[in-house]
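Just the one chain here, the form predicted on its own, laid out as structure tokens.
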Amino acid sequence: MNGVTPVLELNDVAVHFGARASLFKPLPSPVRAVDGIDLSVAPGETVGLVGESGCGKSTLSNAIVGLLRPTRGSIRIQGQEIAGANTALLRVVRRNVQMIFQDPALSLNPRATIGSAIAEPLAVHGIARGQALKDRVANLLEQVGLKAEHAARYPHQFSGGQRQRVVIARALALEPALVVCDEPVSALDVSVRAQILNLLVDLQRRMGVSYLFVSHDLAVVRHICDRVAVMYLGRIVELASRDTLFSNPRHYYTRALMASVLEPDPVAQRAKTRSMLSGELPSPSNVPSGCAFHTRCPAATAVCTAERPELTVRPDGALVACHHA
């Protein structure tokens, strides 16, 4: 980081959920949704977090913004530890980290105007009131491509893309250092996705905000992210710059994810290597020994079953957790 304090710094973060016992079954193993994550995000940087559904992306996101308490590890926002922080400290730190959820329709109160939705965090933190609050809301609406008079309307009066613009305005109202974007365009029409992505890029250039961009859409990640972390069963298995990852994926799971993306050109699709993934994603309550991916990996050997690989730096700067990378 060249001496610059990371906006987000994760060190050995784990989130485990205890399973419920029953009269007829013994207490099962805990669900290891997130199991030892090390990751940082620099000021003004966008880091992508990708992987299959169930790999722990959303759980990690919720822990970062304080909605879940980590089982162990350190979560620092601009150098301030939030893991285990009390309510008063979380209130202060949350000004610096906000979240954009997947479905804007579920993120907004249908009985409240969008103006009040955007004004709420400003009022809660005592940043503005009265006419100054109205002016701030109007300015935020204009920054995301809406009009000041839209403040009096309700969520149902807007399209999905417009509602997501409102959610973005609310997330940026407190001028946070970090915004966690949890699948922010997956619920939108394809024609609207590029508009929202370009808006996020433009706001980042103007405000210097950092993004942790959670997605399963590799095309979207390639468009917006500077670095990409690939998660599998609660752990990062590969971390590299965008160009390095997409030009030379090292981990067999990363290769499989990329092979599963459909090509618009039928000829290219027929020539493309078929997905190497086989079998179902193992349960996070029963993670395979050694490398967790060995049950689905075409290159797995005895060492993969016995020893869990750690993230290791490769000559091109990528971090890869694979015995055969």
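The structure displayed is predicted, hence computed values, not measured ones. In this text, residue numbers run from 1 along the sequence as written.
FYI, the form predicted in complex with a small molecule isn't displayed, but the following is about it.
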The small molecule in the model of the complex: contacting segment from 40 to 48, 293 to 301, 58 to 66, 252 to 260, heavy atom within 4.5 Å
58 to 66
With the small molecule left out of view, which of His216, Arg153, His223, Arg129 would have a heavy atom within 4.5 Å of it in the model of the complex?
His216
Given that the partner is absent here, does Gly36 sit within 4.5 Å of the small molecule in the model of the complex, heavy atoms only?
no
Although the small molecule is absent from this view, report whether Pro284 comes within 4.5 Å of it in the model of the complex, heavy atoms only.
yes
Is Pro288 close to the small molecule in the model of the complex, meaning a heavy atom pair under 4.5 Å apart or at it?
no
Spell out, yes or no, whether the shortest heavy atom distance between Ser278 and the small molecule in the model of the complex is within 4.5 Å.
no
